[in-house]
Structure formats: C-alpha cells, structure tokens
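One chain comes next, on its own, written out as structure tokens in the form predicted on its own.
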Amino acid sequence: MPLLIKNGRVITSTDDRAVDIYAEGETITRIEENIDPATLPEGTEVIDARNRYVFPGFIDPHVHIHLPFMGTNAIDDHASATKAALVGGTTSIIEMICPGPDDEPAAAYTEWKDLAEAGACCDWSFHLSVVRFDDLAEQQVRDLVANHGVRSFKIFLAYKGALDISDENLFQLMQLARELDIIITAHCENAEAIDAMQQKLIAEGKTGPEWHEPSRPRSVEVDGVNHLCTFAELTGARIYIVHTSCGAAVRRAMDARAAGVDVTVEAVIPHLVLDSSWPERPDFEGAKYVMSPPLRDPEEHDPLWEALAAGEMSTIGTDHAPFSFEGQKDMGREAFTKIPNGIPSIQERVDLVHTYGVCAGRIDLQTMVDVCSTQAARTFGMYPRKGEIAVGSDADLVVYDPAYESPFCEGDSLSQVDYCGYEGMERRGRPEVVTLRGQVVARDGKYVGPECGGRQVPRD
C-alpha cells in the first residue's frame, strides 16, 4: 500500500525541514513541501504528522538475541526482540553471532541466520564473533565475506578461556581484515587481568554484584583500547570499539585516531543513563545491572555525552542482552562471576536518548539521528538504503511524538525478560507510528506488523 506522511518536521543527520514524504514499493519516491493526497493512487495510507518529528528508522548496531552465556541462553527470541525494537523505533539491527571456541564460524552463521529468517520482524544483519582462528576458520571467514555478505567480525579481549582470542590470532585476523577491507568490532578489556582480580575478590568473600565493577576497572578497559589500537596501527585494519564506558577509553581511541588509526567508537545506552550505584542495590537486585564493561560512576556520563556531541563517539547501541532476574541472573547469588551479563534496552534506547540527550540539552535532534541511525548505516555498509530519508532509501520511518510523557515500566515492554532496566525513570517522547519499508508495523506502543517480516540487509 502506498504511504504518505504529511505535515511532519522531517529530521535527518543533516537537515531539519517541513516536507511531505511519499513511499511506494517499499522505498521513498517523493519528498516535497506539499504532496496533495488527491493526486495519489487510491488506497494510499495518509499519516498526519503535525506537531511530530519524522526520523529515519533507527539502527541498533549492537544486539544480542540468540546468546549462549554463563551456561544459559538469553530469554528473547527473534520475534520478541525485534517486535520490541520496532515499537521503540528501531527498524534495523546488527546482531552479534557468538559461537563457542569449538564451533565453526560457518556453522554458527547458518544457525543464527536460520533463526533470524524464521522469526525476525525488523531488518537485520550480523557481526560474527571470531573465537578461534585456525586454518579452517580462516577459510570459512573468507567464504563468509565473499559469498554471504558478512562485512564485520567481533573479537573479545575479555572472558578468559571462553571467548578471548590470542594475540597471535588477533594479529592474523586483523591482517586478513585489512586484506578483505572488512571491519573488526572489539570488546576491549584485558582477559588475564580481569580473571586475576575476580579470583582475588571471590577468595576475599566479595561475591555480590557490587564487586563486578571493581573486578574490571576503567584502567582495564583503557588497556584493551590501547592494545587494539596498537594492532590496528600495525596492520592497517579498520576497528570499531563497542560499548565504551568511560572518558579515558574514548581519549585513548582519539589519540590513536590522531595518529592515523581508522577507529570508530560506540556508546551504549546503559552507560549513558545508569551508573555504578545500580549494581549496588540491596537484596541482589543489583544483579539486574551487571554488564561488561560495567556501569561506571555518574561522573562518566558527561564525558560520554560530550564525545557524542563532538563526533568522537559515532554511534549509540544497546548491547541488548536479555537475561531474566528469576532463573538466570540469580544463578550468580553465590558469586558475581556467574551472573549472566546484560541490561535489556532494545525497546527503550531511542526514548532514553531523546529524554536524557536531546531534552537535557546534551545533543540536538540531528545528532540524535546521526548517532542512532546514520553513522551505523555508514560504518557498516547500509547507507543510504538505511539511515537516511531520501528518494531511493527504504521507507523506514519513525513518526515521533515529543510531547508524550510516561515513565519506563516493564509492563510496556515486548521483550520476554522479566524486568525493565529503566523502571520508573522519566520518559519524554515516544514513537507514534513506525514503518518498515513503507508498511506500518507499530502504533502507539503496540506491534501491528506481520510475523517474520524482516529481511537481511545487503551490506557493501
């Protein structure tokens, strides 16, 4: 069905203007100051966006759905997670494929792709984690790039003995990335240092979730950023540092950028609005807020928002990793090292950025679009099909009501997790209508689209 959005304030990363948008055949075909509905084909759906913003569909570049971790699996499936994403204004996600050290990359890709094809309601792509790099893995990586469109790979400088990669293999992988012109995304910490500190704390009887942050302090993260940037400088590989939690890590990445390293830095929404007091909540409730890198002191919020406003940090993702409090997070009651990591955020991200970024005067609306959509599309080869409002772009659009006010609460969430990580926090603004390739899929906090309507996004 053709679609016309009239009377809205259309905001992209570069423009802010009053125009109408017409979409037909899944793409935007006209953008004009005034499009008369009477001139359009019969059956065209007309949405009045008066007093509303119209954004390009948002992109979450860091999502976990099918995630084995700490002996359990994330509670969402692709249907629940992507419906939550769409209701929150996110029309495309990039999911992390996370195989184990004995798994073959090709088999992991097939497993995750089959699940996405069977359940995803928004559009999707993948980063593939590399936790082994023998001859077979290298051969399969080459094939995934050449024949399956995989354009980004994830490495962990954390989780000793489970997901971490040796320096020898890291160097080889980054040489290959340079050869194939693909991007390496990286979790930057220090697996050996964290393991030693965790063992020491547990031996001292410091077992609660409040000890998670002291086991992996800022210095460990800065060390991981430095390590990755050194390897990037040596190999010429492009790198993307995920979920950067502190100003010192950003500054180290910017030093590397000034020295010629091609480095992009990601923030995730928990680090921008939550702080280290949340994992300290009594009665083990703090376990809900265990993630890695951990939540930092509230003094870290301003440096991160300032880095986003200055263009030093390019994207805001979620690191959505939904583990329920009952039956999953509580596996770590005897030791914080056994708490599954993650704070569910896929539905709340856009409203949190609007509330605590735009409404708080930390960033403007165009920066919001840039860091929540356009830069992810540019970095990962999806632009201008995604992340833009232009003739020829996919008609992924968000009609946003900035006047809406209601606190965040678990009852509004479409995720299957049993808590909201932002319960009771102020919310200003909400997606009123969300379209995916020209089809309305969400209205007023409800999913109204088809089952399994998502597609894999081709990436250059």
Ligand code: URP
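All of these numbers come straight from a predicted model, not from anything done at the bench. All residue numbers are counted from 1 along the displayed sequence.
Missing here is the form predicted in complex with the named molecule; even so, the following discussion is about that form.
- This chain is displayed alone, yet in the model of the complex one of S292, S152, Q375, S125 has a heavy atom within 4.5 Å of the named molecule; that residue is S292.
- In summary, among the residues R385, H78, H301, H187, the only one with a non-hydrogen atom within 4.5 Å of the named molecule in the model of the complex is H187.
- In the model of the complex, no heavy atom of L228 sits within 4.5 Å of the named molecule.
- For T379, no non-hydrogen atom is located within 4.5 Å of the named molecule in the model of the complex, even though that partner is not displayed.
- Taking the partner from the other structure, the named molecule in the model of the complex has no heavy atom within 4.5 Å of any heavy atom of R427.
- Although the partner is absent from this view, D319 contacts the named molecule in the model of the complex, with a non-hydrogen atom inside 4.5 angstroms.
- Remark: of stretches 250 to 258, 363 to 371, 113 to 121, 152 to 160, the one touching the named molecule in the model of the complex is 152 to 160 (heavy atom within 4.5 Å).
- Residue G342 is the only one in 342 to 360 with at least one heavy atom within 4.5 Å of the named molecule in the model of the complex.
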